[in-house]
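First, one chain by itself: the form predicted alone, in structure tokens.
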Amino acid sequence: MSVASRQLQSLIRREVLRFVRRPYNTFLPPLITNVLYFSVFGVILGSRIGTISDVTYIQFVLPGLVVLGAISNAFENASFSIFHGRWNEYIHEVITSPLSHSYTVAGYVLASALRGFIIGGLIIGVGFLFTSIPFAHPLYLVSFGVITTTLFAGLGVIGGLIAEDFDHLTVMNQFLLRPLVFFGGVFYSLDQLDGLAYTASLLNPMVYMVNGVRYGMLGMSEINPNTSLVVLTAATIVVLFVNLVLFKRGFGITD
């Protein structure tokens, strides 16, 4: 193993241990939150709504809740880690190390994406307590899980670099990400929209994520899953490129 690879491994290990050592803060809150989601939206409302596109309502909303938990945690991990490192000035140890900018970005993004992926898996486990999951296309499910968590880990890096205080991190997560998810077809079908509302929904990247995960889990999607993968992959490449440029310029770190 090369020196650069060992350095990258060390950065990833440090970032993973940072959230693994705090399970009550990392894993317990999303589990409790999703038990409430499933109880209210799946069991209580689901019994009244019935089925959507030949699946029960609780099955219909499950993929969206998985996406919500996964991307929120991927974003939160990256943004908090970057900002906390800036705030306490220990991020300079990473920046001044022999680790290249691309490996530095990779370390933060991979660790944060892993956290999001784990949370998504845990939410699926909670879903098993309430309904059956056929896993119609597991390869698509894993692919969308990887690409969505990577995308939002990259966005989290940007958020951590531009945030000026801890309140900014909360605003980004609660008032930017979550509304996009709730208007991304999590709790309703796109078939219920028409005209401008439908067109506007197609501009929301969450629509592609939710439908992609839904296709992987249930075998149904209102958007071609291959189209969704292409759109999300392109967005991820752009975001990671922005991450690299910002680190090379020392944005938010040296200026």
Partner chain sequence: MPPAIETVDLVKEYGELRALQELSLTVEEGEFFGLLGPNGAGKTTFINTLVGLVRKTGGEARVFGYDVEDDYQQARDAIGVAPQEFNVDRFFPIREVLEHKAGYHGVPADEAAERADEVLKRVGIYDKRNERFDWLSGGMKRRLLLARALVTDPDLLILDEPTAGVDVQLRHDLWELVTELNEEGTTILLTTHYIEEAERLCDRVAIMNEGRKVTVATPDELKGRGTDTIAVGLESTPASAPELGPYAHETTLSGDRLEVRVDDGGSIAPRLLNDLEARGYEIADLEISRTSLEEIFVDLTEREDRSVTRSTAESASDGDESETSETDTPPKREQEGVA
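Residue numbers count along the first chain shown, from 1. In this text the structure is predicted, and so the values were computed from the model without any measurement.
The following text describes the form predicted in complex with the partner chain, which does not appear among the structures shown.
When contacts are judged by a 4.5 Å heavy atom cut-off, V231 does not count as touching the partner chain in the model of the complex. Using a 4.5 angstroms threshold between heavy atoms, F80 counts as touching the partner chain in the model of the complex.
Among residues of the shown chain, R178 is not one whose heavy atoms approach the partner chain to within 4.5 Å in the model of the complex. For the chain shown alone, L99 is a contact residue for the partner chain in the model of the complex, at least one non-hydrogen atom being within 4.5 angstroms. Out of the listed residues I162, I95, V171, V146, I95 is the one that sits within 4.5 Å of the partner chain in the model of the complex by at least one heavy atom. Contact annotation: the partner chain lies within 4.5 Å of heavy atoms from the stretch 80-88 in the model of the complex, the single such stretch among 80-88, 135-143, 154-162, 114-122.
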